[in-house]
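Just one chain is shown here, as structure tokens, and it is the form predicted on its own.
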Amino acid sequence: MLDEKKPLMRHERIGGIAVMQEKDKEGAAGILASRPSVHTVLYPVSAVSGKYRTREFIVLAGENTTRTEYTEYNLTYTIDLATAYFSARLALERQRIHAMMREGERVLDMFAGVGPFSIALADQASVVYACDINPAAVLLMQKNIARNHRKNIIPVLADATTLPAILPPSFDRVIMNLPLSGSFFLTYAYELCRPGGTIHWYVLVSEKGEQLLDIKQLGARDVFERMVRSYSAGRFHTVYDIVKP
């Protein structure tokens, strides 16, 4: 009788790292043995938290590292999951927004992290301001900008609340990928977006239309809501595409 292959435990692949949803060393060893490109299996022991949006991991199998190289649509990024937030699950969103852009747009990425949105959109933009409050994320972003040969991205180490004081309110497109922030930063994005420009706000919701009241209070002309993925039980990672009148 032939041995049936045991199914692999649930995990998310980010370059050479697999992040498991359960703390299972045997399952981690199975992932490492079955996926030659995986060098490390991690388990998160904390949620994403703090102003730098980081979480803690333990190594279940493989190399003792949280750093890896990740490739998405022919763009390559150096990532350290312990020092800077990154989600591979937004790859299709980056392509969706890229397809929406017109050549020569001015783009603001308010919470840029290691730069995946900024770098993916730069070839359609005249300039991209890539901002983050986390120094470790900005250092990795600078490395990723150079390795992907992007010449029109300006890294900015800053708190997003200070951006209206240091940047002109003239952006055609503003990316807000800070899903745990609620609506706190939305007024800042609205101030920095030009009339007729678009804000892409990524946020966690419990039901459809949950944030529409906050958005409409700003006087938005058109709002498109799209569920990106299930985040946890009863919560969804959603994007609102908001056109400023």
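All of these numbers come straight from a predicted model, not from anything done at the bench. Numbers for residues come from their place in the sequence shown, where the first is 1.
Same protein, other form: the form predicted together with S-adenosylmethionine, not shown, and the subject of what follows.
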Partner-facing stretch of 98 to 106, 151 to 159, 164 to 172, 120 to 128, counted where any non-hydrogen atom is within 4.5 angstroms of S-adenosylmethionine in the predicted complex
151 to 159
Heavy atom within 4.5 Å of S-adenosylmethionine in the predicted complex - the one residue of 82, 133, 139, 92 that qualifies:
133
How about residue 40: is it within 4.5 Å of S-adenosylmethionine in the predicted complex, going by heavy atoms?
no
With heavy atoms only and a cut-off of 4.5 Å, decide whether residue 192 touches S-adenosylmethionine in the predicted complex.
no
Could you confirm whether residue 78 comes within 4.5 Å of S-adenosylmethionine in the predicted complex, counting heavy atoms only?
no
Taking S-adenosylmethionine as it sits in the predicted complex, is residue 178 in contact with it (heavy atom to heavy atom, 4.5 Å or less)?
yes
In sequence order, which positions of 41 to 64 have a non-hydrogen atom within 4.5 Å of S-adenosylmethionine in the predicted complex?
51, 52, 53
